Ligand code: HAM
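In the form predicted on its own, a lone chain appears below as C-alpha cells.
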C-alpha cells in the first residue's frame, strides 16, 4: 500500500479523540439551541438520487457533486441538506402540523477549491421552518443564530449578519434591466454572488458576455453592480417601487429583530445574493467582524423549492451553519474550552488473581453511570498511578492480595491525595 493511500483523501478529516471531543461539544450546542427554540431533529440518507440536487439547484452545486452511477442509478453524496429535507416534507405535506420546525446536524460533501475553513467534507447545522410565509420565521432563525454564538462564548460584535432580499432585487431588476428578459434573473444571481470574491470588473465581464445566459449591455451591467452597493434600506428603496412588498417585508423583519435583542448586530447589504437558484426572499450571511474568514453561515427563504422538485409550493426558510469556519473563529478568539478525556474512575488489579474482583467493581460503577477504565495487562503500580493522573480520572481503585482477602478496595482521590477503603460487596 502506498504512502498516499494511508492518508485521508484530500479535503477530508480524521477526528482523533481530542478532535472528536471538540466536535461533540460544538454539536451539543447546535442541538441545545435547536431544542430551546422548539425544533425537532431529523435526518436523511447521505446518498441521494443526483437529480434531487441537479434539478434547478444552480451551477455551484451541480459542478461540485460527488456523484456516480451504480446499477443504472445516478447517485450523489449530499452536498447540502435542504433538498433532502424538502423531499421529506413533500412526502408528508398533507399530514404535517405547520409550521414544521426541523433541524439537522449532517455530514456533507462538495468537491470545491479549499481555503481556510473550507474542506470538501464538512458537517453542518441546519434549521428550517416549513409552512410559514411571514418574516417572523426569518427573525426567529436569526435569533437562534445569535443564541448559538452567545452560547459559544463569542462577544456581541464578533459576528455580524448581513441581510438582503432576493425578492427586492428581482423586483428592481425585472422593472429595469431585465424587463424584457426575466428568465435571466437566476443565472444573473449566480454571477453577482461572486462580487465579493472576484470584484466588480470580472462580474461585469460575465454579465456582458454575449455567449452567456445573461448578455447585458455594459451600462446595464454597471447599473446592476451599482445597485449591489446599497448599504441601507433607504438606499435600496431608491431602486424599488414605492409600494414594494419585498421592501415592506425587510422593514418589518428589522423591526422584529429589536425584540430578539440583535438588531444592532444585523446590517442590510445589497451585495448578499446567495448563489443557489432556489432562494426567493430574504437572504442572509454571517461573517466575523474582522473579515478574516469566509461566511460562518448563510441561508434565506426558498418558497418555491418543493415546487421545483415537482410538488406543491410550501413556504420555507432556513440556514446552514458549518462546523469549520466557526471552529477557526473559536481558535482565533481562544474560546475552545479545555475538554479533557471524560473519565471518572480507574480500577487496577495488582495481580491476575485480583482481576475478577476489579472487573466486578468496574461493572458496579458503570451501572451507576460512571465512566470507568479497567487497567489491562500488568503495568507497575507507579505507572498505573501516573497514567490515571494523566488521563484525568477522579479516583483510582487499587485491589491487591491484602485488599482482596479483606474484601475491600483501596480508593485514592487523585485531586486531594486522600485514601479510604470501600467494601467490594457494597
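Positions refer to the first chain, counted from 1. None of the values given here were measured: they were computed from a predicted structure.
Missing here is the form predicted in complex with the named molecule; even so, the following discussion is about that form.
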Just one of 208-216, 153-161, 294-302, 333-341 has heavy atoms within 4.5 Å of the named molecule in the predicted bound form; which?
294-302
Check 80, 128 and 324: does every one of them have a heavy atom within 4.5 Å of the named molecule in the predicted bound form?
yes
Scan 251, 194, 118, 74 and let me know which has any heavy atom within 4.5 Å of the named molecule in the predicted bound form.
118
Contact residue in the predicted bound form, from 122, 87, 166, 355 (heavy atom within 4.5 Å of the named molecule):
122
Indicate whether the named molecule has at least one heavy atom within 4.5 Å of a heavy atom of residue 112 in the predicted bound form.
yes
Contact test in the predicted bound form: residue 320 vs the named molecule, heavy atoms, 4.5 Å
yes
Check whether residue 239 has any heavy atom within 4.5 Å of a heavy atom of the named molecule in the predicted bound form, and answer yes or no.
no
Would residue 274 count as a contact of the named molecule in the predicted bound form, using a 4.5 angstroms cut-off between non-hydrogen atoms?
yes
